[in-house]
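Coming up is one lone chain in structure tokens, specifically the form predicted on its own.
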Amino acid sequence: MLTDIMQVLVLGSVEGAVYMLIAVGYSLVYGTGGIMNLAHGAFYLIAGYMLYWYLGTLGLFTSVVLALIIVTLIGGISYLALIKPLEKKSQLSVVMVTFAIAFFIEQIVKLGCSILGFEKESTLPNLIEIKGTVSFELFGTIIPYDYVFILIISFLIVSLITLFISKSKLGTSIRAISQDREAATLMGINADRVLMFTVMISAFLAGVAAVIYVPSYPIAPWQGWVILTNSFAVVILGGMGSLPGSVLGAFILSYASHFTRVFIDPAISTLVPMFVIVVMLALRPQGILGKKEID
């Protein structure tokens, strides 16, 4: 029993930290521009695969930096070339084009694996080693050092992003647009440029989640859709556009999923995100914290 509880706590905390990063980025874009970005999971996917492809030849540091730079640029280009021209026409157009971006990236990943000679589905080895070991034992549970690294980096990055949104000039512009885009524009704020940077920050956060989690969790071309669904469930649970809500929702959903997997049925645990989406939209569409603007 103790081992099962530890498994829920450890895996729930790690997965919750990863989804916190991803959901904060998703919520930031929605809260600022009202953009439903269905390519968000694909940003995670492409960053994870770039780490997978280049780790053996370029080394860890170069592969991580390259993956984060490229996925951030993809986010910016996606906004300028595809989202921006359509967002003023209709939200449905934005949803459709971001879906197309996600599908395109998935196909690029499959093609890249074929060209480079990599398996489409794979697991990387643990990257962090201390005194010749990659893990330690706590209450009978083996915990990789990678898990500790994931928790530290996730909370550090989210804290820095929160500080950036609160204190920086760009953060002030993001908050102004999220509250009243028209008024912010009249005050001289370039809304399109701010939204571009917001999508880039979102893509960067998804990329960070990928490069810290892929060494601990299998990656596959279809995984982007799972990431998207779970991220959507998190922001629906915590509150669309609420960064604190995304943090809270990430851990609630993760603990619930792992509790169901360990104590009830692994098959049922895969339905938890969809259950959360349906129940929250029916009973409390604004989410737990009930905030529609960025704090």
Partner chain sequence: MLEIRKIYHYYGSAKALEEVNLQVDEKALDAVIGPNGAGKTTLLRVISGLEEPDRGKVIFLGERIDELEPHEIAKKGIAHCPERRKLFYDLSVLENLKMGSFALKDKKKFKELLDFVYETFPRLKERKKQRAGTLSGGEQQMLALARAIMSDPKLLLLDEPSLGLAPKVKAQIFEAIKKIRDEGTTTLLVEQDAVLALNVADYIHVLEEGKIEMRGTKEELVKEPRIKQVYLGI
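Numbering follows the first chain given and starts at 1. Only a predicted model underlies this, so the values are computations on that prediction, with no experimental measurement involved.
The same protein also has a form predicted together with its partner chain, omitted here; what follows describes it.
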Quiz item: Counting only heavy atoms and a 4.5 Å cutoff, which of 174-182, 70-78, 114-122, 136-144 contacts its partner chain in the predicted bound form?
Solution: 174-182
Practice problem: Indicate whether residue 158 is a 4.5 Å heavy atom neighbour of its partner chain in the predicted bound form. | Solution: no
Exercise. Consider residue 93 of the chain shown here, and say whether it contacts its partner chain in the predicted bound form, taking contact as heavy atoms within 4.5 Å.
Key: no
Quiz item: Would residue 188 count as a contact of its partner chain in the predicted bound form, using a 4.5 angstroms cut-off between non-hydrogen atoms?
Solution: yes
Quiz item: Does its partner chain come within 4.5 Å of any heavy atom of residue 89 in the predicted bound form?
Solution: no
Quiz prompt | Those residues of 140-172 which, in the predicted bound form, come within 4.5 Å of its partner chain by heavy atom | solution = 166, 169, 172
